[in-house]
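First, one chain by itself: the form predicted on its own, in structure tokens.
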């Protein structure tokens, strides 16, 4: 079952894309995600023998990204709707892979490269078909969601010192410090959108965004993080020891940083909303199928009223989350007046729905839901992580409330 069943104005192309990505999610993403999840050592998930790389190649072969480029013949609304559909279907397949597969070609780093004045960056990272892998490096050892809380007093407090600082040196910037072990794709990324503090004299407000090739001298990485969920999305530290970049690599400076961070939060939270609606749907679909198969009290458990009520409540949550998240995603990707509080409401609500529905699914599976033989316990772990990543839901809600 898919939420697009309720759409009356989808084109044949849009329905074909949804069906294609859904098949890929079921045939490739789900088994690969489960295989990686069972690896004891997170380093094995990014080793040359890992099925992760084949999943990257198969996703690239789908040609889905072509429908999301500006030169497409589609209208902006069609492009935004397709992006939302793709994200939801990928979330249905596997949460970790949904967040990492789109990073091939540089991911959202490519947009910063295209906006730079550097022919080197444009050629390497903003050319369609490149095989670079991007990451968003913002979280630091001493600073997590507070780096995103641009509405709060500490954000422009110069006494709050960052762990990663870039300082101007002639025509260059020199970067010192580190980003924390929560940099998504950090262990495999070849380029970073580095959200760092410039000079360190204005708090987080005095930040900048640099496109940093991760093969530069002075850059090193930590080990992949061992974590409970989304294990197909590797995360790890990045260290900067006197790393020198040309001035034009600093694409956003202090004057534009707050506005850029506001924009980043708006689009990333919109993306998270539609993605984790798909995660919620995956748990619901598994629970619905199991309810028709599992016999208790001499009949399928779907015939018990308590199961019917639980399943219907799960369905209601999934559909309301999907409708709102897609509406927000389309609006924020097409309107000149994108709303941060819309996006944060989508992210915080849909990730919560994903966790609640996955938890309900485990309850419906009973003892089997606790076994790693069944995928619902993995989905619950994946969903639990989503309420912390890209800004914990509590801090994001404070920022969203200030934006109202």
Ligand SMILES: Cc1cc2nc3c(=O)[nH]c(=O)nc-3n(C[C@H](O)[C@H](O)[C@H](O)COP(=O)(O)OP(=O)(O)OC[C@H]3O[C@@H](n4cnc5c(N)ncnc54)[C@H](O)[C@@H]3O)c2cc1C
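Remember, predicted model here, so these are calculated numbers, not experimental data. Positions refer to the first chain, counted from 1.
There is also a form predicted together with this ligand; it is not shown, and the following applies to it.
Original post:
Would you say all of 79, 84 and 346 touch this ligand in the model of the complex, counting a heavy atom within 4.5 Å as a touch?
Top reply: The answer is no: none of the three residues contacts the partner (heavy atom, 4.5 Å cut-off).
Original post:
in the model of the complex, does residue 182 have a heavy atom within 4.5 Å of this ligand?
Top reply: Although this ligand is absent here, residue 182 would touch it in the model of the complex, with heavy atoms inside 4.5 Å.
Original post:
Could you tell me if residue 14 has a non-hydrogen atom within 4.5 Å of this ligand in the model of the complex?
Top reply: Outside the cut-off, so no.
Original post:
With the partner left out of view, is residue 258 within 4.5 angstroms of this ligand in the model of the complex by any non-hydrogen atom?
Top reply: Result no; residue 258 lies far from this ligand in the model of the complex.
Original post:
If you check in the model of the complex, is residue 227 within 4.5 Å of this ligand, heavy atoms only?
Top reply: The answer is yes: residue 227 has a heavy atom within 4.5 Å of this ligand.
Original post:
Just one stretch in 143-151, 203-211, 86-94, 306-314 has heavy atoms within 4.5 Å of this ligand in the model of the complex, so which one is it?
Top reply: Every other range fails; the passing one is 143-151.
**OP:** Heavy atom within 4.5 Å of this ligand in the model of the complex: which of 197, 332, 235, 103 fits that? Just give me the one.
**Re:** Flagged contact: 235.
Original post:
Going by heavy atoms, what in 122-147 lies within 4.5 angstroms of this ligand in the model of the complex?
Top reply: Stretch hits, in order: 136, 137, 138, 139, 144, 145.
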